[in-house]
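Just the one chain here, the form predicted on its own, laid out as structure tokens.
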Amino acid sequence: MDSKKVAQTIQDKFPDLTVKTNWSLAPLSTFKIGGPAQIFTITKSSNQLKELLVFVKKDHPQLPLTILGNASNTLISDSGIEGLVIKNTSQNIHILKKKPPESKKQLIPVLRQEKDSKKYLDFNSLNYDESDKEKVFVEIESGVPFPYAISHLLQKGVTGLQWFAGIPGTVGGATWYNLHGGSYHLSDFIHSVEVLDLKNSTVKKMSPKDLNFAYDYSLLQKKPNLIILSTTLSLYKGNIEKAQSTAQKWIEQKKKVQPIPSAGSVFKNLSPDLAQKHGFESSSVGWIIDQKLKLKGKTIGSAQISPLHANFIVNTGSAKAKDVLSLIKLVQKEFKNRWNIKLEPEIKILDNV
């Protein structure tokens, strides 16, 4: 593939976009790790993203596509990403005047349990119920940064997202992963998700039931042809001061135990049943890596299992993706050898070169 030629066709079709080749992705990643994008551009609205994707699938159907939000839960390969990489950005948030039809949600058990709330995160002390408050429905484009969505909505008198404060991703990525924050999953609040189907270039809305949400999971992870354009959330006209205070306290807690530059929690926590089966006092993988494997602080290259929280790997300066992967494989091997547990990564590894 002549990447410069393909990039030029995209640039000619979309003069408002800036299209680059061999563009470094490491500065865009919260890990500060990764090679270049073969072709790179930034879209600034869901409509612009949709039009670009429809054009690319029609004129360059074999071109690999990767969509990045804030690259906050990803590890980008040292060799970079082949094809077109689109950084999806937006600031479009719409508080709906008309209440949409109800959609059924299934609450998901929270697996984020910490053995030592003083040392790690204290979920229970900040919990409170807003279900008795008036509902507000909000449509948020997929490229909107989650911190911006939280602060913008609080300014508009809308609460419900304070549990996700301090998480740097976008609404699209949060929906795709089914983001968890405190004792909540984003699916607890999702009313519907608007997606573009790349197979036929049609747009449709999907309900929570369609998306089969689970812990760190949505059906979208198995359907790469479905691209999130926006998510409609069912939120509240709650106590703004209390929500703002809760958001700030979450951020303060996280700063103490969640180091940067990193990509957030590396591994999914165990189910309570599995933890109990093996006699663990906690289902927190960070606690097990720390207390059972004694790997907290372990370093390979410039990648380190964080001394603050062992379910985080940090870039101490010039880490490569291969260093992070080596630590991931080391932990997985220890879990497999000692307890026959297949430990699942929570971060997404981008490597299609």
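Note that residue numbering follows the sequence shown and begins at 1. Quantities reported herein were computed from a predicted structural model and do not represent experimental measurements.
Beyond what is shown, the protein has a form predicted in complex with a small molecule; the following relates to that form.
K.L.:
Spell it out for me: taking the small molecule in the predicted complex, does every residue among Leu270, Ile328 and Val331 have a heavy atom no farther than 4.5 Å from it?
P.N.:
The answer is no: none of the three residues contacts the partner (heavy atom, 4.5 Å cut-off).
K.L.:
Counting any non-hydrogen atom inside 4.5 Å, which residue from Lys254, His152, His278, Lys205 sits next to the small molecule in the predicted complex?
P.N.:
Of the listed residues, the single hit is Lys254.
K.L.:
Name the residue from Ser302, Thr30, Ser45, Thr41 that puts a heavy atom within 4.5 Å of the small molecule in the predicted complex.
P.N.:
Exactly one residue meets the criterion: Thr30.
K.L.:
I'd like to check something about Asn70: if you look in the predicted complex, is any of its heavy atoms closer than or equal to 4.5 Å to a heavy atom of the small molecule?
P.N.:
Contact with the small molecule, yes.
K.L.:
Whether Ser262 contacts the small molecule in the predicted complex should be assessed with a 4.5 Å heavy atom distance threshold; does it?
P.N.:
Answer yes; at least one heavy atom of Ser262 falls within 4.5 Å of the small molecule in the predicted complex.
K.L.:
Does Gln258 reach the small molecule in the predicted complex, with heavy atoms at most 4.5 Å apart?
P.N.:
Although the small molecule is absent here, Gln258 would touch it in the predicted complex, with heavy atoms inside 4.5 Å.
K.L.:
Please run the contact check for Ile167 against the small molecule in the predicted complex: heavy atoms, 4.5 angstroms, yes or no?
P.N.:
Contact with the small molecule, yes.
K.L.:
Quick one: find which of 154 to 162, 221 to 229, 234 to 242, 125 to 133 has residues within 4.5 Å of the small molecule in the predicted complex by heavy atom distance.
P.N.:
Going by heavy atoms within 4.5 Å, the stretch is 221 to 229.
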